[in-house]
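Consider the single chain below, provided in structure tokens and representing the form predicted on its own.
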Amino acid sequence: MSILVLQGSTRENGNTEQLVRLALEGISYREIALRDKWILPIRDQRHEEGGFDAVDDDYDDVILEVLRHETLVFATPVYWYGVSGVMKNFIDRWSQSLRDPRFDFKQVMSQKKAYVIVTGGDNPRIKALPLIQQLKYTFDFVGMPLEGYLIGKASKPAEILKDTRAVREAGWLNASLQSQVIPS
């Protein structure tokens, strides 16, 4: 099983990254920090005769990496009750991938598993639920099952380590992922 973490935090070593590290401790994975990628917002050309114009940014490299992995972890802080802007730009660009003649995007994505890791400071176990629902609907659209999610409460740096519930649930996610790893 190959795991790719799509890190939507704009703060390096922030609470979201720390929670991901707890959840994936001892597991091999690749991580892409979307904050370090130049992904332009979508220019909606779905209904134009020629379809989407090519865009000279990092999206293509990132989506090709996504297609190479079996398990995707979408990690984002709660920004104004939704995913971070860098995560939203990335997902919005899936519209282009749906039209990309190099691959059947929906079919390939339907073969993957998705997990979501979220942190927020303002009652996130309630207020982040619409974010989880938004991602679930997005994953449903491409046929990719949402296998589970983890919500942590933290705002200030390293505060996530004080959220005993999130730390415990990170252990659950770790055990679940470990059970899927085929011993070598």
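Because the structure is predicted, anything quoted here is derived from the model rather than measured. Residue numbers here begin at 1 and follow the sequence given.
Keep in mind that the form predicted together with another copy of the chain is missing from the display, and what follows is about it.
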| query | finding |
| --- | --- |
| Touches another copy of the chain in the predicted complex: L161 (any heavy atom, 4.5 Å) | no |
| Another copy of the chain contact at R21 in the predicted complex, heavy atom, 4.5 Å | no |
| Contact label in the predicted complex: Y149 to another copy of the chain, heavy atom within 4.5 Å | yes |
| Any non-hydrogen atom of V62 within 4.5 angstroms of another copy of the chain in the predicted complex | no |
| Partner contacts for 114-145, taking another copy of the chain in the predicted complex and a 4.5 Å heavy atom cut-off | D122, N123, R125, I126, K127, L129, P130, I132, Q133, Q134, K136, Y137, T138, F141, V142 |
